[in-house]
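Here's a solo chain for you in structure tokens, the form predicted alone.
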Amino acid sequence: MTATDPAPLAEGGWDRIFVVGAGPGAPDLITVRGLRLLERADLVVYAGSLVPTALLDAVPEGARVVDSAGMALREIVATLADGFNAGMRVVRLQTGDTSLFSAQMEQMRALAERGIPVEIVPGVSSANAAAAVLGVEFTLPEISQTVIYSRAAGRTPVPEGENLPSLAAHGATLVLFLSVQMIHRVVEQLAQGGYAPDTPVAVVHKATWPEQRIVRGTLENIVERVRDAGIKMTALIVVGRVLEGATLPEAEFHYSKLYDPGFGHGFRRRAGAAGV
């Protein structure tokens, strides 16, 4: 049994609620599986502040559509559970990456307490979308082989040992969610942790949305540039030398072994090897 063909209950509903990742913004970046579920849903509860309404065009005429932007957890769960128990085919439409800062687990726990199964259909992450619109690869040989996804501590604290100075000490590629409103504090803490003042930084506001904006700079000037752009929310902060990948001098750019003719593997023999 797959998510594209869920088992129906006797009254016509599905045997579980589907949590669907909507994608980072552009409506056509939802997965085929997610779109098929939307096209069959009787009830869609969507994160209105983060999900483009154009996606709702796929919902069947007559289906109930609920914007959860102004709802508390108990209201969201009650709406989902009531629809499921009434025999409706229910979709919880969330942001692209349901596994990052999506508050999905608290909803799943509450539904599980009511005996309601949930299946997750992942979407395209806004982090992947940011890399795409920036035209970068978050990992580059001998520059960064580690990507850290995190956020700055604000009203929601971070665990001890995961503060920004500690993360910055790794010198890895850093992708910060939910932090652009604290950009001044972010820069101070990253510098405290060891990133050099000339470390490249990019801020991507609403990647793949029509109103997408990109601000580039370094730790020295990114605060002023972001403030001048008026970006205060719904943006990712990307930090690291991988942002220079396309412009690095040839002497500083290190190629991977994957396509190196002198490197053999299970699908290709090394150039110059016997029989090649």
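As the structure is a computational prediction, the values presented were derived from the model and not from experiment. Just count from 1 along the sequence shown to find any residue number.
There is another form of the same protein, the form predicted together with a small molecule; it is not shown, and what comes next is about it.
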Looking at 80, 164, 201, 204, which is the one with a non-hydrogen atom within 4.5 Å of the small molecule in the predicted bound form? 204
If you check 238, 242, 55, 50 against the small molecule in the predicted bound form, which one has a heavy atom within 4.5 Å? 50
Is it true that 143, 173 and 255, all three, sit within 4.5 Å of the small molecule in the predicted bound form, judged by heavy atoms? no
Classify residue 221 as contacting or not contacting the small molecule in the predicted bound form by the rule of any non-hydrogen atom within 4.5 angstroms, answering yes or no. no
Evaluate residue 189 for contact with the small molecule in the predicted bound form, applying a 4.5 angstroms cut-off between non-hydrogen atoms, and reply yes or no. no
Heavy atom to heavy atom, is residue 107 within 4.5 Å of the small molecule in the predicted bound form? no
Residue 158 within 4.5 Å of the small molecule in the predicted bound form, heavy atoms: no
Assert contact_stretch over 113-121, 68-76, 173-181, 190-198 against the small molecule in the predicted bound form, heavy atom within 4.5 Å, equals 173-181
